[in-house]
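A lone chain, given as structure tokens: the form predicted on its own.
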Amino acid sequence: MPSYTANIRDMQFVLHELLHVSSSEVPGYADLERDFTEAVLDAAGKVSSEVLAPLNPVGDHEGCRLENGVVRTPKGFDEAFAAMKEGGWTALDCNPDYGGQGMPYVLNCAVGEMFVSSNMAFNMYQGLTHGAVSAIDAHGTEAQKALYLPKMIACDWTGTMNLTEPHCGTDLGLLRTKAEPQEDGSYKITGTKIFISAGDHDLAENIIHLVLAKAPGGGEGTKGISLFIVPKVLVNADGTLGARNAVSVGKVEHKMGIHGSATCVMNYDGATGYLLGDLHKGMRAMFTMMNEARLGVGLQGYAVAEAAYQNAVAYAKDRLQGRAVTGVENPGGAADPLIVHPDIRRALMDQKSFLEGARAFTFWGASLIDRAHGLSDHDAEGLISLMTPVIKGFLTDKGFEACVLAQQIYGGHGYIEEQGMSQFTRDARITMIYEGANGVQALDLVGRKLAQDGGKHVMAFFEMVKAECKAHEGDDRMKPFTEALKAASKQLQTAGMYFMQNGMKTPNAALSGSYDFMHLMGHVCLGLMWTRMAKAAYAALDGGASDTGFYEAKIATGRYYMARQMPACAMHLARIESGAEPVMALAADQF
């Protein structure tokens, strides 16, 4: 059975030596001293390895089942969920006014990585609730917040987001779910939603659904959409539970992975709902959930790969196969361990260099969210808005690739279910699809985010990269980082100029290259993170740090990424500059 141990040492490096959280002016960051974050991460790590990880294969094998209108979760999930609630893990960064602990989002992000790595499917029950809490906290009335948030933050009640319908996914302007106003100010919600994660289960006494629907007078398309709070069980004014609402589960989907997460078809048959936010402004309220969810899915992409990588490393060190070409390295055994072979090292280094870069990138993104919210920093808000499709799209694509690499190291044993590597690969696959498929993320990046605020934020990013490279001029140790980063940044800018020059007259030229642009930008972002991490590692070594092995490995891993991964930027630019013609050459009936 696979195992998982949280990489707390690397998380601490990112928090304190890369981001310098405790010296930041962001509210709440002064409390994030190294000893404090280590205590929190240690405690979360124990929950992950001792409680959640053993349930991961259980959830995969048993799945969820619908019995008499109620979804039953796998064996052990209810006890684990109770332990999560008792430990306060569901409330880590939530509003203290309603029972939350009020810690920064970046710390919640670090803890969340552990929970996803150990049991992604299980973590989705509280993860969806966190997003619903954020939406109600941001857009709800004072009465709504007082009524729902304390129970939801404690996860006595959980939450969902209901967007997709059988006939429409990303194109929400096509949705048909209706909201009919009632005399008492409520609405009757009628329609069917599909692919609803945690849509029903037996872990909480109530489920608070946030549902997109069209109310009269809103017009066509997304402009007519509103967001509604639709409880599974109606809530009385005093917070007690009342009658069962007209909400039911049509079915539980049978999926490729995340079997322990209940993915439901939800039927609303005149269910009572309450407007959340402004009428016909539901997309604005829903994006509070979606933006948080997209960063969370990017985190899922690399967090599942982290667990797969750890097991692949252990297997490569243990499995005896062949002899090293440079001479016998295990004379007492019949063969040398797999890890002596260069191609195995390549696969492991591909994973390690991606994972550590992805962790730094995601934590940095979380710190931008904290800065945007805590300091009302519009530049930070614009920058994380730009980075969100890259975090979601690039990290999930590469995270899935990393899981495949980890599975490959096992050879035929990786294809056998008992080893558990198949589950990591199957679970990771969904991250490329939900919360906006990665092709949609690329379109969002190129079609909306680059031009946002007149291109201010992408230009600020280019200046950030330029300043980072310039700061290390004259330091020969940093040349492998700065030279690769500088070249990749120029390629990214060239791609952006290509879109500007061709996008208006030939829109397909920009859209045909959008996916490559997302990956090109992803490499530049990880290259920036690796340059900063190398700087921090060299500073630690120059300062006489005792943990020399960690810092030397950090630098070597970063050099690998710059030498072996950053050259992909040239390939992506070449694809972009080939334009739309190769992509659009065939007529539809020629496929």
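Note that residue numbering follows the sequence shown and begins at 1. Just so it is clear, the model here is predicted, and its values are computed rather than measured.
Note that the form predicted together with another copy of the chain isn't included here; everything after this is about it.
At a distance of at most 4.5 angstroms from another copy of the chain in the model of the complex, none of the three residues 181, 454 and 497 contributes a non-hydrogen atom. Picking from 310-318, 77-85, 469-477, 488-496 the stretch near another copy of the chain in the model of the complex, with a 4.5 Å limit on heavy atoms, gives 310-318. Within this chain, residue 18 is remote from the site of another copy of the chain in the model of the complex, having no heavy atom within 4.5 Å. When contacts are judged by a 4.5 Å heavy atom cut-off, residue 270 does not count as touching another copy of the chain in the model of the complex. Heavy atoms of residue 134 never reach within 4.5 Å of another copy of the chain in the model of the complex, leaving it off the interface. Of the heavy atoms in residue 39, none are within 4.5 Å of another copy of the chain in the model of the complex. Put simply, of 328, 168, 504, 459 only one has a heavy atom within 4.5 Å of another copy of the chain in the model of the complex, and it is 168. Think of it this way: in the model of the complex, another copy of the chain has a heavy atom of just one of 151, 188, 280, 426 within 4.5 Å, and the residue is 426. Although another copy of the chain is not shown here, in the model of the complex the stretch 510-548 places heavy atoms of 511, 512, 514, 515, 516 within 4.5 Å of it, in sequence order.
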